[in-house]
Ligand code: C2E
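So this first bit is one chain, no partners, the form predicted alone, shown in structure tokens.
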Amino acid sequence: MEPSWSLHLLSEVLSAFSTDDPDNLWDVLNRVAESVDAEVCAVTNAGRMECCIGLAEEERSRVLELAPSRPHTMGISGGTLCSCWAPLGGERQLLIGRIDVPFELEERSLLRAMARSIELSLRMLEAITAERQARRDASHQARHDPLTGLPNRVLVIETLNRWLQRRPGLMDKPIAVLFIDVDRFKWVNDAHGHAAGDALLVHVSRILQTAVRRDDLVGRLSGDEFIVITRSSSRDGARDLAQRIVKAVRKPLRLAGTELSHSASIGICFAGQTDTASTLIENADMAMYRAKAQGRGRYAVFEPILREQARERLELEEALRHAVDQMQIETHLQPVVQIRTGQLVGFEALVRWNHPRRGLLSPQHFISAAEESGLIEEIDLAVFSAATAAVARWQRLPGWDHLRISSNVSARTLASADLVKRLQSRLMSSGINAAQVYLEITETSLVDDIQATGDTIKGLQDLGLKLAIDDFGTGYSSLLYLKRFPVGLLKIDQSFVADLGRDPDDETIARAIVSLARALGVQAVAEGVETADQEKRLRKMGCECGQGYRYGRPLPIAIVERQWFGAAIPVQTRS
């Protein structure tokens, strides 16, 4: 074989090798076989064949058995296979074979040169393939959520922008963005740990993937926030999808040995001609908050007024943050009296915002902003501190050691991990008798997430504190929880008190709550008592205590002190 011809064949083999096509090793082997008129060409590697040309399945097994000894001849069904072996690095070998025709020395030299070239090319191919795979993996990781495998915010926005760019051809199929938030997800983490929280997120992601169509996009933005981008023939299609998701998520899930009831709130926004991906997501987010405000576990559709409301809410939160820093949050006290005797038994602490321009604001104007911004914890504790300090001072007066105080605690504050420690320091600072202190919570917050608040309530009980269940009868109750936890007061909601004497159903409910309180060994307190007739009816049904305008309005601590205890407080002790 002429040297020039050998170099030409070697060049032909090398040119057939392509790093852009990892599977073109077959083409290379065909060129090698053609260069020496061989019928067989194969690559073996650690007892298996990576590629093979010209051998039947049963013949491959025999070749693999003999490969370690690298024989020059092997008997196969077609005759004697004359072989030439050449190393390709590691345990990989190149086998070239001809039936009954041995290889000349020059051919063997050429094949070994080809093998070295193939080995170098394979190494290059493996390096390039690994680099490409690493880039693909990095790109995937940069655009996908590591927990659920869903597209993340980056890929969601990229995809949504592409859809919006093709919008003119899709006007018959409106683009809808669904912003999904798992309600009270933080409580799941606090009660069951982050592993359970992650399991819930994966569960929700699977629900979303099952609910959508193949062409829809499901993504995870962050935390417990998911997104669905969909196109349907009508806007009702997006609403139907949202309803299906709400229903599917609501089904109980068993986590950490506990059956967990959970829900999701969804905001929907339909794309307009000028909307961008960012504005659509923001608008859907606003609609989701409206769904939460309407009671959670439902969906709401974006309306332009929501953006103005969001701006106002942001301004309110900033003003409220300033109010907390500037001591504009005030504690007012409303008297609670014994209905039978009219004797003062204690007070409920209520929060007010002394706004520099709008005057004195009741909680309905700012409490929801306080909860959303997280300021509610500081507000609850500030009111608690002021109220307990005042009542502790009055308890030391002759004849007033029986006074009690109830102070409202929001569900968010109740879920705070360090609530017990913070309350303990305030109790010690005030010197109040803890047995006369009640934390007022709604029955919904007691029952809603009992796993998350159970340890906290046990800690409160260890401090000597008791619970007052506010607005009793308006939510959903569990008698088991009322028996299990240190409940000292059941407060009959003012909506039942207002129609006493006019609505038989309200009177029946009020009487039932009084009977329940008596059976549990706790006191019933009627809220919103305004008239003598209401007082009379409550007295007749055996309600022990009342609270309302008939006995006094909520007033600042200094005014309450003058009205109720002025004559009893020595001048030098007044602050």
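Residue numbers here begin at 1 and follow the sequence given. Fair warning: this is a prediction, and the values are worked out from it, not measured in the lab.
FYI, the form predicted together with the named molecule isn't displayed, but the following is about it.
Among the residues 383, 238, 432, 490, the one placing a heavy atom within 4.5 Å of the named molecule in the predicted bound form is 383.
This chain is drawn without the named molecule; in the predicted bound form, the residue among 408, 265, 148, 83 with a heavy atom within 4.5 Å of it is 408. Only one segment in the set 355-363, 420-428, 130-138, 267-275 has any non-hydrogen atom within 4.5 angstroms of the named molecule in the predicted bound form, and it is 355-363.
Among heavy atoms of residue 26, none comes within 4.5 Å of the named molecule in the predicted bound form.
At least one heavy atom of residue 554 is located within 4.5 Å of the named molecule in the predicted bound form. In the predicted bound form, at least one heavy atom of residue 530 sits within 4.5 Å of the named molecule. Using a 4.5 Å cutoff between non-hydrogen atoms, residue 403 does not count as a contact of the named molecule in the predicted bound form.
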